[in-house]
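Read the single chain below, which is given as structure tokens and is the form predicted alone.
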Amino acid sequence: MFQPFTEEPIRLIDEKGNWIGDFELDLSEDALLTLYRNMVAGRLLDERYIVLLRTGKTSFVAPAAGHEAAQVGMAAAIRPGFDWVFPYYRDKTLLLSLGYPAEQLFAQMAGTVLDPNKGRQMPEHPGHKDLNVFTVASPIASHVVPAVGAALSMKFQGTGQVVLTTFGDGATSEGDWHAGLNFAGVQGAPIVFAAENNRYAISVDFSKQSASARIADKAHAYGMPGYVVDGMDVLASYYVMREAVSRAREGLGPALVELLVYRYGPHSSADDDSVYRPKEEVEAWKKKDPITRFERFLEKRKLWTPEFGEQVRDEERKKLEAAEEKALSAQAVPPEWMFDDVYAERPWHLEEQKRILLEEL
């Protein structure tokens, strides 16, 4: 239905909230409102993480405001708990939309016992075995090749599963990224590569990373379709991702989807974005907020009012506050947990090290 390698990004809702798609919308009212609620929850979660940082309850945050439409659209396009997700560190809204319990996300940020990964990763690096979410890795693009390997395993076993792997525009400058796409293209792996292009990799804008006009253009070299999508449009993000996932599931091979977004905050809590991008640019993009655009769309369909918007925010805020309280009131991860899960049966030397550690403590 969607053409790859378009000059203009694919969009289905204009900035005034008008439906401009050339097909009939097949989502129910409940489905549309779920997309909206998930976007709001993701924005609020992002804000809570910043509060955690400023109150000394965590040490690192990767802001994601502006990415909500792209991440919610991706989540809705796959089968949670069946398909596999290899995310990157800015994907909190994606994971929350997939059903990742909020208290476990907060626990991962704070290092308490409710964290499924037992406090073994730095903040913003979650993973979830039951949801088939591969643990986020710090080295940029290092998860792309393992994602392709997982997809090939699914192909060989005929499981019908699909892999979704996400990354920022900076990852496309890494060798692992190119090796992964090349291998996937050659082998016809059932995987969708999703580039959340927020136009800056730390302090370097996209024009200094690549001579290609679009990340999607690189798909030509690897024998797969490349789609350019307005990632501030949740319905465009959903429908294009749904098509890419469906063709991968049907055995038609991988696809590269570039979702054009804009991050309103700095690259991370260790970054001062004011030194490399003007404040006026950020403010101009805030006027294109993906949540506001979707609210206009819903309002035209008589599914949204300002009062309803406040109600949703209040409900989601209360859920997150309860989850945060539960996570932060839990016990800190015991240091001796570092010896768990290393071997199926713990060998003598680790038992000895654990004994020494406990004596020291």
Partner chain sequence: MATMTIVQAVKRALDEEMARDERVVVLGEDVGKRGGVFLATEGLYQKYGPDRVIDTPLSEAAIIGAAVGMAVHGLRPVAEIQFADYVFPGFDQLVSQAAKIRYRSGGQFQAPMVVRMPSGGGVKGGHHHSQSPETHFAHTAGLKVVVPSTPYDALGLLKTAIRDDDPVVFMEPKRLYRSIKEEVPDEEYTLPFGEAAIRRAGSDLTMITYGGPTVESLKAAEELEKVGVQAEVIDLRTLVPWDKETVLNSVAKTGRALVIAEAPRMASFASEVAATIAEELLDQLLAPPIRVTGFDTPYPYIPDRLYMPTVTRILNAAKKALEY
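The term rigid core refers to the maximal set of C-alpha atoms that superpose within 1.5 Å between the two forms. Note that the structure is predicted; figures quoted are calculated from it, not measured. Positions refer to the first chain, counted from 1.
One more form of this protein, predicted in complex with the partner chain, exists but is not displayed; see below.
Remark: of stretches 136-144, 181-189, 234-242, 249-257, the one touching the partner chain in the predicted bound form is 136-144 (heavy atom within 4.5 Å).
The partner is absent here, but in the predicted bound form a heavy atom of 170, alone among 225, 265, 170, 126, sits within 4.5 Å of the partner chain.
The partner chain in the predicted bound form comes within 4.5 Å of a heavy atom belonging to residue 204.
Within this chain, residue 122 lines the site of the partner chain in the predicted bound form, having a heavy atom no more than 4.5 Å away. The partner chain is not drawn, but in the predicted bound form it has no heavy atom within 4.5 Å of residue 20. Although the partner is absent here, residue 209 is a contact residue: one of its heavy atoms lies within 4.5 angstroms of the partner chain in the predicted bound form. Contact residues in stretch 330-361 (any heavy atom within 4.5 Å of the partner chain, taken in the predicted bound form) are 333, 335, 338, 339, 342, 349, 350, 353, 356, 357, 359, 360, 361. Comparing the forms between the shown form and the other one on their rigid core, the Cα displacement of residue 339 reaches 2 Å or more.
A movement of the C-alpha atom of residue 16 falling short of 2 angstroms is seen between the shown form and the other one when the two forms are aligned on their rigid core. With the core held fixed between the shown form and the other one, residue 25 has its Cα displaced by under 2 Å.
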